[in-house]
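Coming up are structure 1 and structure 2: the same protein chain in two forms, each one given alone as structure tokens.
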Structure 1
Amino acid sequence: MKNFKGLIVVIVAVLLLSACAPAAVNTPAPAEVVPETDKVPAECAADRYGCAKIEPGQTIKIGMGSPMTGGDASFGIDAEQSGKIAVADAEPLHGFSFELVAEDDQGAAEGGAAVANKFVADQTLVGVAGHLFSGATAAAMPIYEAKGIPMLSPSATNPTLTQKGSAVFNRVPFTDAAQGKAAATFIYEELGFRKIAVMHDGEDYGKGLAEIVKVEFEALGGEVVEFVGITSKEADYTPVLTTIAAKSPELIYFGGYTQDAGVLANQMKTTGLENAVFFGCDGTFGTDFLNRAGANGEGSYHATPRTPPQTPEKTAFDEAYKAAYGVGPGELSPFTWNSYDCTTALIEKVGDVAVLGADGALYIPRGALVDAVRGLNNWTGISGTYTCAPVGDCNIQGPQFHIVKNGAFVPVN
């Protein structure tokens, strides 16, 4: 009986403990963990350069390297302003916005390399609308080549740039080979001059262009009485101009940029060259030259890309540019429209190859983008229609020449 009572106590205790215990909860099975490698699109593994990864909240960056300070800053300021309009016009891509990052390379090789190294360190930078000047471009090219970042330059015209076997470099302007030959022919056949001097600023662009003019002018039967370089950005070129004046050239051809061109045009009037014509290039075109040379710039010649046709798209851009910056397109430099188109074309090609990942990030296969930019075919912008040759030259048009009359540039061909 005592054992029976003890058993009853134990049973009651067990029942009480069971009643106080929490109810059983059905715990769901843990969610399957997707490895990070499985979230990366297959296109990235197959791409020779891999992918740029843009995290949610980040922007897709387009770089631009150009002179933003110093005597040639008008070129860089103009390009940046055009690029900003292009970015503003771009629609978001899968919810990601585009951003223009413009850096000052001072138009020089050292600056070009420094800017390129900064750009390639940024995972979210996918293409470069530049560089603008040929020397800076040449220094930057191998840096972008190593990382698979495509370039589309609005203005780097040195012929050798597309003779280096680069997969990433492309450009939309005419080359200096076309410009130099056209200038020599215009001087010889249209202006009728037979005796000229050729000067340059010693840089890749200016010297290369001057050499082409010299060769082409002599091939036509003309005489080049002097071929000489100057030290760029100096204030006094009267000694070299006086030496040239003793050889009585009818015209001075100069390969370089506006700051030096303005000094030369002014000092020609005081060194015995007051009757010689100053003939510049696309690097000497712009309001900066007009402001520097003043009345001494009258009658000088300069080159530009062909004036784009007046389409509704160009009209809208022109109005937006003037409203935003207070100056008209084509005033600061001849590459306003080219800069807009280079930025826009890069943005469009990013859209063609980008892939939205399972993790919400945007992936841009770099090699595919390099190929897409080189593959531009009958691409029409506000500055013209472009098809890139296998080496990256995308323009077959020659230059247009302008004369300065009453303080303004007037087309002559």
Structure 2
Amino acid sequence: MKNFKGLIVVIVAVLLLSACAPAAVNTPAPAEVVPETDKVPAECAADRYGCAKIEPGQTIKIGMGSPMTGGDASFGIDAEQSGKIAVADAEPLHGFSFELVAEDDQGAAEGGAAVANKFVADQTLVGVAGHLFSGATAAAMPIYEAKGIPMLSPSATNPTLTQKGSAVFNRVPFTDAAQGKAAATFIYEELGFRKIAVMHDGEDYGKGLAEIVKVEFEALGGEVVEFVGITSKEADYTPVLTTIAAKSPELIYFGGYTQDAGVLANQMKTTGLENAVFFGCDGTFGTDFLNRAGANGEGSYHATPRTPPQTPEKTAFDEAYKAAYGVGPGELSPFTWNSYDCTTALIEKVGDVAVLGADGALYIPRGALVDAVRGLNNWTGISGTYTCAPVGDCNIQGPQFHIVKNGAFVPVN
């Protein structure tokens, strides 16, 4: 026992030492821009946030805040892995390479604020591909706002985030409103169901979506017999499904993620819902669902962004991801492709605004970068084509629905 003690103490000591050691290297002089020298480009003086100065030998840092420990770690780790590929794919800019700094924000406000404060202290960090969860995002946003660091979130879907008039916050996922309305209309008009049950996983994303589906479906004249939340990843939903079965809905709409969707599709078959249709959302789309539900998933519906499902770029990314991490993209979380696109878009926009100074350092006007990210127009990534609305919602298209037939997704609308 004593040995373990000693060992751990030694390791921690080393880690602590090294954690403190590079601080001197990483933090350049606080004076960000020195306007009196002629070497600083004119863009910096004009910029409302000033410039980030990258000295030769330093890297241009892109931050990412995501839960990497705790119950939702799969989302954060997936986003980080995806972002790493994006950084690896990026061409160096005037000889400066990019670096992804992924930090654990545990998906909550406390961690979000901690990570944001850490990021703004780093002068070479210019943009944030994140945060992933809305709670952390809300806490982090004002901190980036003060410093002029643009955000491009792959997955924070809380509608109020873009209603606060933030200049720095943008996101690429569907708005819940667009998807919810399309889904309700599709169920009512194309599938012709009038009596549905709406379920959600009790989390931010799933619940927001489910609420909109309920409202829209009722507005169309349909009946929502049950609106009920489950506790995500709890894994035994038979009681709640049984109770829903008593009201005999024709279809079950579920807002949430693949893991729960797979369990629900399985358990529907033993709880008296054999004949009800399972209708998921973009969070439940993915080969992962097929693996989990198997034959029980036949005939279920799911949504994706309206893009060609498999472009050559996407195939190349999928292969690179699988080769680098051993798991397929989309297995850890449905936001793999979004995370890649967010990082890539930020990198591209940095390239658009960066100016090489006469002193050999790279200057990135922060305000111009904030505007450039907001100005994302008809930008095509592997997960879709994005145009940012003035409030920062960059995905305003409707979804594409798919049905599972013979173990594969088939587009239906």
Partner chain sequence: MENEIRPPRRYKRSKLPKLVRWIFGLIVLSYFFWRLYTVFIVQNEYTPDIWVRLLISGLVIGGVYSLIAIGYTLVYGILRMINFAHGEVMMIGTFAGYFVFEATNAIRFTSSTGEITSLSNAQPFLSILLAFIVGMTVAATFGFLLEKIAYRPLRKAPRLIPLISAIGASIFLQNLAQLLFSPLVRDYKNPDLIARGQGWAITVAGARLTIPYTGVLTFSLSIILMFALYTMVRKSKLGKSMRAVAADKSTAALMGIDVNGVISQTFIISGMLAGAAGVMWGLHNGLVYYYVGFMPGIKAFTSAVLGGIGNIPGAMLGGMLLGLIESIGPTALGISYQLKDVLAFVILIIILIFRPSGILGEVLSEEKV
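Basically, rigid core = biggest C-alpha set you can superpose within 1.5 Å across the two forms. Residue numbering: sequential along structure 1, first residue numbered 1. Since this is a predicted model, take the numbers as computed values, not measurements.
Comparing the two isolated chains, structure 2 is the one taken from the form predicted in complex with the partner chain; structure 1 is not. Remark: with the core as the superposition reference, the CA shift of residue 289 between structures 1 and 2 reaches 2 Å or more. The Cα shift for residue 104 between structures 1 and 2, taken after rigid core superposition, is smaller than 2 angstroms. With the core held fixed, the Cα of residue 236 is displaced between structures 1 and 2 by 2 Å or more. On a core-based overlay, residue 403 has a Cα shift of 9.7 Å between structures 1 and 2.
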